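Below, in structure tokens: the form predicted on its own, a single chain.
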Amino acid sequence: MSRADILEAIKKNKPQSLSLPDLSVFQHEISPEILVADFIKTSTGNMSNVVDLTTSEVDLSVFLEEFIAENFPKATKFYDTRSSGKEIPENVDFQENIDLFIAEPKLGVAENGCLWLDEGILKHRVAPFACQHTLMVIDHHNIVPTMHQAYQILNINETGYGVFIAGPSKTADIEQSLVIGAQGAVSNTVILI
């Protein structure tokens, strides 16, 4: 049997194309209160600390300054990606400990507590993994119920690299003992605004 005969036989036995499944089953309306409650539940389940300011009227910059001073009193080296934050140097020596990584993720997912960071936010991809603690500030209007809805919103072609982060680094590879911060941040705090 020749190569052409084999290819022709394969073409003849090719199954009919099927339409893509209807993903609308994953689309359902959820009230903002339930969405926030779900996000908090999954985030704390991922061992993140969540501070819910969605019903508070606070000056965020004042709150953050006080919160950081109270909760990270020994932090001296910061990597703040917010536009109003400190300048990020072109070259950062990640061999030195970055005490606190601060970012405003573009998107959060309620079903798993993930937060989306991309190169629009990250100047150095390794930054959220080469720090002691992460502090994420996210607007609760940017939380979607499921990963399906998150992927419908995200356009990786706009920014290139992107990553979902859910909670601090954790592993149980060594004698099945849970270790927090084995190869990344020791803690993750989410400020919901």
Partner chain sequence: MSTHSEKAAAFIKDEARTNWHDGALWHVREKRDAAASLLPEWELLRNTASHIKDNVLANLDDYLIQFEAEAKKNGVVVHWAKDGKEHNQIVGQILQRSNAKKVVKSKSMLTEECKLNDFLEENDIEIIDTDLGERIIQMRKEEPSHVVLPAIHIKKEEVGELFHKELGTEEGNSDPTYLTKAARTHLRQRFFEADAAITGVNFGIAETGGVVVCTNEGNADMGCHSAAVQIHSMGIEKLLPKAEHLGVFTRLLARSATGQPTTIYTSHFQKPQKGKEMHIVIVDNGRSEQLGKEDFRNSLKCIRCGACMNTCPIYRRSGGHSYHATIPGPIGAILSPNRDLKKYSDLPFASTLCGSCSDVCPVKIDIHEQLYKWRQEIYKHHELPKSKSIPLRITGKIFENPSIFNSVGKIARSSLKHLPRFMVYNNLNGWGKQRELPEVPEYSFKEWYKKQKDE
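Residue numbers count along the first chain shown, from 1. Computed from a prediction, not measured in an experiment: that's the story for all the values here.
Missing here is the form predicted together with its partner chain; even so, the following discussion is about that form.
For the candidate set A37, I30, L53, I156, a heavy atom within 4.5 Å of its partner chain in the predicted bound form is found for exactly one residue, namely I156. Although the partner is absent here, L135 lies well away from its partner chain in the predicted bound form, with no heavy atom inside 4.5 Å.
Although the partner is absent from this view, N112 contacts its partner chain in the predicted bound form, with a non-hydrogen atom inside 4.5 angstroms. Contact annotation: H148 falls within 4.5 Å of its partner chain in the predicted bound form, judged by heavy atom distances.
For A130, a non-hydrogen atom is located within 4.5 Å of its partner chain in the predicted bound form, even though that partner is not displayed. Residues from 158 to 173 that approach its partner chain in the predicted bound form with a non-hydrogen atom closer than or equal to 4.5 Å are E158, T159, G160, Y161, G162, V163, F164, I165, A166, G167, P168, S169, K170, T171, D173, in the order they occur in the chain.
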